[in-house]
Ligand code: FAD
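In the block that follows, a single chain appears as structure tokens, in the form predicted alone.
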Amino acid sequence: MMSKQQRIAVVGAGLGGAAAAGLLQKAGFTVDLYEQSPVFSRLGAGIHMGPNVLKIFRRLGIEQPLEQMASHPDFWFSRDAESGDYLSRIELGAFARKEYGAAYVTVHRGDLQALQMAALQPGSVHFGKCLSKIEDRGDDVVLNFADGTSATADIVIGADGINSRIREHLLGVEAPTYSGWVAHRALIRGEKLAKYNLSFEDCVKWWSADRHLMVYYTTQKRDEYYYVSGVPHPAWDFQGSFIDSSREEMYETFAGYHPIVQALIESSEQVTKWPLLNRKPLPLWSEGRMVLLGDACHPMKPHMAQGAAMAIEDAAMLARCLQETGLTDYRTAFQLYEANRKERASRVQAVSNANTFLRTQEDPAWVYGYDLYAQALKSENAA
């Protein structure tokens, strides 16, 4: 047995998959990362990374470069959509460093992903690998890809998102459910805002009774300003993950919102609209030699800006558990992982879906102050 090198396969090179691969490589494991996209591209838009995640990035050696490229908001402001009155001022900036042990940043998702990919061992990332079939043969797992190639591994980590093929293999085909909400997204060039005599804050969420708009910078240079909405929307037959929206639709959706919001809509060159999808909590997170993390496991609405953070925390906990047990005792590692993640991931999922986080003045320490490496591991029986 020992003559054959033990290998881990990670399917999906999103933020969670890239974190899992990086942390496991740092821990001395041999890891291959398989991604269906043909090449790396600056996908997505803005993303929040709180101190709970930057403490993990510290282990990966990318905390400093991330801080250098990202925007550093001093506050998360919540404001009333019409009057502009402040509903909460949640302190970040220097306060976050002191209280939570790391910075709070907002950044472009693609820029962060490029940093994560650069931290991986050369030759360990394989693009154009769309998983078509997977088979757990008891003593290893065979992955077959749509391009006709295959690979084997001792364990497989499914970091392949809400439409995870690995989840499908473990639990059967089941489409995610539409949540009844959409997110409009747009990136605005910073220079377009210069003509307004208005203050565009680093990180602000505009709220009305049934919808909101979250806005923040994605670069240190403040040359890119991003917004994402949460809006109730009747179901339609979604083809693909998003469709085009328009300024007209935004004006209609956010009629009566503050002049700052109207200025943002006016400055939007391209707006897209994404259905927000959910799944029921899964009955299991692993089976045999396969284990799930992130959206493959517990997708959530983006309203708390912690979805990717939970995937990265999952990755770090899974790596920690595998280090604890070694790869041969992967079963114990998977049980430990679930026992130490389920409660937190479920709580964040529930608060995110309820869309109440930081609307009023509250203490976010349970989210941002969490240090995954400082937690004592609960035994799998404690789950």
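Everything numeric here is computed off the predicted structure, so don't read it as measured data. Don't overthink the numbering: it's just position in the shown sequence, from 1.
There is another form of this protein, the form predicted in complex with the named molecule, and it is not shown here; the text below is about that form.
A residue is said to contact a partner when one of its heavy atoms sits within 4.5 Å of a partner heavy atom; Tyr34 meets this definition for the named molecule in the predicted complex.
A residue is said to contact a partner when one of its heavy atoms sits within 4.5 Å of a partner heavy atom; Pro364 fails this definition for the named molecule in the predicted complex, lying far away.
Taking the partner from elsewhere, Leu322 is found to have every heavy atom lying beyond 4.5 Å of the named molecule in the predicted complex.
For the chain shown alone, Gly16 is a contact residue for the named molecule in the predicted complex, at least one non-hydrogen atom being within 4.5 angstroms. In plain terms, the part of the chain that comes close to the named molecule in the predicted complex, with a heavy atom within 4.5 Å, is 43-51 out of 64-72, 328-336, 353-361, 43-51. Remark: none of the three candidate residues (Gly110, Leu187 and Arg222) comes within 4.5 Å of the named molecule in the predicted complex, counting heavy atoms only. The contact with the named molecule in the predicted complex, taken as any heavy atom within 4.5 Å, belongs to Leu131 out of Ala153, Val291, Leu264, Leu131. Residue-level contacts in the predicted complex: of Ala119, Val271, Leu193, Val228, one residue has a heavy atom within 4.5 Å of the named molecule, and it is Val228. Annotation for 304-319: interface residues with the named molecule in the predicted complex are Ala305, Gln306, Gly307, Ala308, Ala309, Ala311 [heavy atom within 4.5 Å].
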